[in-house]
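Coming up is one lone chain in structure tokens, specifically the form predicted alone.
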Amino acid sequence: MLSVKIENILSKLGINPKNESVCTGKQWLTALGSETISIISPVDGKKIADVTLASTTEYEKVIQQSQLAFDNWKKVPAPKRGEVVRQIGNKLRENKEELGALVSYEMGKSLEEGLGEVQEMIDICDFACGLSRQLYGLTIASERKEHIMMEQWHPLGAVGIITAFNFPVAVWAWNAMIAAVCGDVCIWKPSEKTPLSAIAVQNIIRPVLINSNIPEGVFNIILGDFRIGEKMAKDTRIQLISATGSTKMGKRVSQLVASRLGKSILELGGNNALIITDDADLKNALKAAVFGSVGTAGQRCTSIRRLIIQNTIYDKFIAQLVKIYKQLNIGNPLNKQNHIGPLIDKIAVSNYQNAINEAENQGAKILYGNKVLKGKGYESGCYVLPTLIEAQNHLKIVQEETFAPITYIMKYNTLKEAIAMQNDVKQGLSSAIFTNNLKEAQYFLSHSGSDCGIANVNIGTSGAEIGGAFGGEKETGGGRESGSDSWKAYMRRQTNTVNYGNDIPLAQGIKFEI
């Protein structure tokens, strides 16, 4: 049996032993499909609830309802759409403790990280509310007399949002809140590994949608596996697909969406490096290296996968790093004294073991870790020791992303060499350098430096703020979501020319007399 606290949380958030698979915003539709999945917590190995997967019939209902909703929602003034989003943020504030705990229990991240994820949702609601009054176009000087040119931005239509298990609610909010103030409707397919957190979110926002008389079908959710994702990617009625997950998944989504000339935002794998120079504040660098490597049990797309350390401080830094690793507390993430929780499931544990074995076979040296924890408190079989491995950057296993707390360590002589090592992977999400040398910092941020979508100085590779556009280059997919001007991806640009004169001069000086 679950603890009383967890049972109370599930009850408050509307999570039942058996959960429906489709919601069109205000109401859950009776599940017609016969296929169900059991959601098992990686924290204690116990079943939380069952979920019925959506059938084709339910999928069609959602798509059709979203089309009807868009016709009405796009006509609502953007600041009024922003007011709805503001109210959603307030509902999330009211339920932050419970939703954060559910995220922690269902996914396995620490309670503080679960609460932090919900706070990201609240922050993006605030951001989007302000954005609703700043969807600016341009006026452009025309080459023709008594003409004016301008740009307008119009809603796209339906936005499909496919999210991953490691951030089961925040990434939806990054997309959905921006899309909503832009006038789009949203269709969310959460990870089948963490659907209960998504169900809880839908239950939390329902009172806002009902009380504000929002059209049915603006915020939709469909529970399913990759088959639903493929349906969405192929569906011409969904104008934009925003997909977060592995590079393999992203390539498939990209092919399907591109084949119908649709739009996509792809947030895929990372192989992030932290460069530590001999001019660094080593105490802060150690903090960043440890949290970036073991936070969320290494299951962040921005987790540190590689530490590139200057040879003059290499031995000293590694000795301190191993010492800290030995002091980390691993266990139930709902216990605030623990630093590291479990991996999402036993498949992830197997991937962890396989990667370490491959590293050894390829000539790497294990410095610490390489153990699946057993015994009291580890009954789920999903707890592992974070692992440090001394390796060369060119090794095949180092070039790949393993979603686990495995960090490869290597040394360098010159900063140019370090940056070349950092960039010499297929992924390009996040990067960071620790140095108090202004020239080194600026070189790292220059066009000769990091080739990633995110480049930080004296902070780690993770912990992106919602005010900045989030995303990466190369096999990370090139997408951008959340802050800055990423809202433009959720709208269509239209160039307008208005002739307010009495003549009609033609472009390029062409003469055409009638």
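Just so it is clear, the structure is predicted and the values come from calculations on it, not from any experiment. Don't overthink the numbering: it's just position in the shown sequence, from 1.
The following text describes the form predicted together with a small molecule, which does not appear among the structures shown.
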Are all three of 120, 428 and 473 close to the small molecule in the model of the complex, meaning a heavy atom of each within 4.5 Å? no
Looking at 265-273, 82-90, 102-110, 213-221, which lies within 4.5 angstroms of the small molecule in the model of the complex, counting heavy atoms? 265-273
Contact residue in the model of the complex, from 317, 165, 412, 408 (heavy atom within 4.5 Å of the small molecule): 165
Interface residue in the model of the complex among 239, 95, 399, 246, criterion: non-hydrogen atom within 4.5 angstroms of the small molecule: 246
Heavy atom of residue 201 within 4.5 Å of the small molecule in the model of the complex: no
Closest heavy atom of residue 173 to the small molecule in the model of the complex, within 4.5 Å or not? no
Could you confirm whether residue 229 comes within 4.5 Å of the small molecule in the model of the complex, counting heavy atoms only? yes
Residue 144: touches the small molecule in the model of the complex, heavy atom cutoff 4.5 angstroms: no
